[in-house]
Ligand SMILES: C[S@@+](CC[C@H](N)C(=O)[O-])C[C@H]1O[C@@H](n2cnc3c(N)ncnc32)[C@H](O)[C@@H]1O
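Before any questions on how it binds or moves, here is one chain, the form predicted alone, in structure tokens.
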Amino acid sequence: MDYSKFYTPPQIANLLVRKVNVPHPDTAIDICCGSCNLLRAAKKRWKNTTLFGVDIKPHIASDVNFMEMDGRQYAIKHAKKYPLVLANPPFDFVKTNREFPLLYQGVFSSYSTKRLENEMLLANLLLLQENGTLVIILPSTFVEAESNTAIRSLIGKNYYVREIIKLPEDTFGASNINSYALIIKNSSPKKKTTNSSCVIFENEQFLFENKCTVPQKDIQAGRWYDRYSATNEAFDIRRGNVSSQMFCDKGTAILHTAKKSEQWKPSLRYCAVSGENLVYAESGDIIISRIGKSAGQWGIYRGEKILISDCLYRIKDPTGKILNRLQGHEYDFPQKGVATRYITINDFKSWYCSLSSDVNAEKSTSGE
């Protein structure tokens, strides 16, 4: 699937533009303009705004001053020029690392990325005037993945992240790409950020749920997503450290992830490695699928000590306390990833904490 060719639906474009608190921008730009739906939404709200569109492919759109070129190159030549920047960049890998080194300057001088959407984010931020506003759509991994903590922290410390909006999974049709829209201002950080989920389109309006505020200390630390506080309980959870590339027809037995099923349990494979620094499972351990369609499914291992692959997590539960809480529950938190879904250790911990909250709420309701 080509994730670089998903255009912003008009309803989503209109929603995002309506949430911008710019009184009347004289200009607006989209340097990956594609269908120009974001620009059309801006024109619908501000009739006299002059629109500029840039794309590597030719487009014909009324009321848009279009230029055919790479948006990153355009941003470098027109830095700090625009009060309103709109973007739904392609989700992909960069073909050449730091092909545009002038994007990596100032607070981003030490940052490096292999993701095109992250590099396009730097380009869009470069376009902003002082107090200018950027509205950008990014894959869920940007907001949720640990690998993007550094870039989130840099942005949180140097810009005002005004709003984080989780978009519906069907935003881009049946592809079910998890994505967020960010509203970022080129100004000093404020006290708090609004985090909400856009879930239903009804009567030409989107309804929101899970609306909350994120403290500025968390935004600046790159923690934009955690829904529950980390548990203070001892939690011996580890990820396997043997890659599937090490698998072979015969050798040391190893547990690996398996297809999603009602009674999930890991599959048995073989590898050519062994050693004390590897992660093993023992009878009574909780095994969790980390990646793929079965991500989040879990089961109890009953058997001899055995290696686990890097597609699994292992939890030590000698007292059975963790199992007692998990029993009868299916992992139902949103999964990360674009092409392949996955969960992190913190995701599973957060879900575990949410079950604790549910149990306490049930006890309170029943008067226990």
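Note that residue numbering begins at 1 and tracks the sequence as displayed. Just so you know, these numbers come straight off a predicted model, no measurement behind them.
Unshown form predicted in complex with this ligand; subsequent notes refer to it.
Among heavy atoms of N124, none comes within 4.5 Å of this ligand in the predicted complex. Although the partner is absent here, N88 sits close enough that one of its heavy atoms falls within 4.5 Å of this ligand in the predicted complex. Within 4.5 Å of some heavy atom of this ligand in the predicted complex lies at least one heavy atom of G71.
At a distance threshold of 4.5 angstroms between non-hydrogen atoms, N65 is out of contact with this ligand in the predicted complex. The partner is absent here; in the predicted complex, the one residue of H59, H329, K44, K316 having a heavy atom within 4.5 Å of this ligand is H59.
The three marked residues, V242, G251 and I254, fail to reach this ligand in the predicted complex, with no heavy atom of any inside 4.5 Å. None of 298 to 306, 319 to 327, 23 to 31, 44 to 52 except one has non-hydrogen atoms within 4.5 angstroms of this ligand in the predicted complex; the exception is 23 to 31.
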